[in-house]
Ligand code: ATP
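Before any questions on how it binds or moves, here is one chain, the form predicted on its own, in structure tokens.
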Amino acid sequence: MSGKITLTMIKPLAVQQGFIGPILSKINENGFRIVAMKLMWLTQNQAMRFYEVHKERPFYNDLVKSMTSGPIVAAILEKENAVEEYRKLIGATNPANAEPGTIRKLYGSSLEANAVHGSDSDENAQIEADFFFSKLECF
């Protein structure tokens, strides 16, 4: 059974470029309900823990550096089949390969600067949501 939540992060470059509003509008227009949201600046330790699953990958250090370069917006989104639906909305990881109209095509500029993070499974969505938010912060 598919879950009802997913986690997104609007990444530092997209925040710096002023894309928070347009990205959130796109999320709302596509039927997602924001149940928790915060603006924060990840520490190196937080970014390393969040992306620990990629620790052995060659891009890990660059990813951590990128994610700590400025503030991010983290949000829990709710919708039926949330992970699958959000992954369709954001498009391919590389904006050059993303479908027209997807968030990454519209607001991403490269594989490394692809505008947003989206959970890749229901299990990871819950783990990632718990990483950023306590139950008291979800509405």
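Only a predicted model underlies this, so the values are computations on that prediction, with no experimental measurement involved. Note that residue numbering begins at 1 and tracks the sequence as displayed.
Separately, the form predicted in complex with the ligand exists; it is not shown, and the next lines address it.
- Within this chain, Glu112 lines the site of the ligand in the model of the complex, having a heavy atom no more than 4.5 Å away.
- In the model of the complex, the ligand stays beyond 4.5 Å of every heavy atom belonging to Ile23.
- Among residues of the shown chain, Ala125 is not one whose heavy atoms approach the ligand to within 4.5 Å in the model of the complex.
- In the model of the complex, the ligand sits within 4.5 Å of a heavy atom belonging to Phe59.
- Screening Gln46, Thr93, Asn81, Thr102 for any heavy atom within 4.5 Å of the ligand in the model of the complex leaves a single hit, Thr93.
- Screening Lys65, His54, Arg33, Lys38 for any heavy atom within 4.5 Å of the ligand in the model of the complex leaves a single hit, His54.
- Using a 4.5 Å cut-off on any heavy atom, none of the residues of 13 to 45 reaches the ligand in the model of the complex.
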